[in-house]
Ligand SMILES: Cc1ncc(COP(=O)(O)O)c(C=O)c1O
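Read the single chain below, which is given as structure tokens and is the form predicted alone.
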Amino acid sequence: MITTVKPLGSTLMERIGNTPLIRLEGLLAHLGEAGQEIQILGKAEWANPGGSVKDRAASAIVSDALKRGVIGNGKGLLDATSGNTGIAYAMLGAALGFPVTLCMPSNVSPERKKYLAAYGAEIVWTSPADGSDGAIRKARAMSAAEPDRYYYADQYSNEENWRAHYRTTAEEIWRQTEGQVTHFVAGLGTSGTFMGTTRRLKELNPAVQCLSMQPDSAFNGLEGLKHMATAIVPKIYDPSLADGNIDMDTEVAYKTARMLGRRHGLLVGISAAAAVAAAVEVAEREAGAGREAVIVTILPDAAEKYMSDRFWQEQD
């Protein structure tokens, strides 16, 4: 046996994080010379082995659960998800040998369903009308009914969610920008990415402006993001950490996704497109005030899980 070759599970874990930070050029041409003093940088989280930013939180949650012995030996992991965290759990469960059960709205994209089937996760479908909140309620009920069968990971309340970003995402952004980041923009779903990254960036430089982004209404097409005013609010969410919030229109996000693909050769997911649109909004504000800025945003995933959506075919 070749002892220097690592097991698959540990190799997957080691590949999570240290994603590229890419410069999004050409987005601010309409600002003229003022736009030349501003950079928009995107964290390319699709480079994670499971294809999304959720690999970070999922791996931290799984590592903690394994360490405490609450999964394994037949006891599986249970959680509610809109897709990407579930895919990360399913990947890790298959590699590390524990069963994964996921509660999900049945209207998630066909691509997400195929990924989960390929990894062998057990899916409990919930009503599309109830969104991610319906999946949360179902997972809670299943955990309460069979506590010996499931470890309910509860990504919306699990402190390991935001800690993963405190330990990794923020440190990477700081290192990759050589400490020059002035603004951080991220969408709110579980809120873990924003909470953890913001906490650490504020420790490194209290002057960094951290702005959250969320859908502008309860009825929206920004899959994975929450309209906090009308949703079950994650326990890990602390609105006081944000220096401001940007409400995002679904059609603006769709238009931005098409623009990034057609003009820049960059195909990203819907929440990533929304994050770029929010970053452009921040850039326009800073340019209007005559300030320089280095704006970093999170691009949670690429577009392969959304290609069946019809908005790609629309013309602008």
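Numbers follow the displayed sequence, beginning with 1. Computed from a predicted model, the values in this text were never measured in an experiment.
Not pictured, yet referred to below: the form predicted in complex with the ligand.
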query: In the model of the complex, the residue from 173, 87, 225, 78 that sits within 4.5 Å of the ligand by heavy atoms; finding: 225
query: Contacting member of 181, 188, 108, 102, with respect to the ligand in the model of the complex [4.5 Å, heavy atom]; finding: 188
query: In the model of the complex, residue 193 touching the ligand (heavy atom, 4.5 Å); finding: yes
query: Segment assignment from 140-148, 94-102, 78-86, 127-135: heavy atom within 4.5 Å of the ligand in the model of the complex; finding: 78-86
query: Heavy atom contacts to the ligand in the model of the complex at 4.5 Å, residues of 46-62 in sequence order; finding: 54
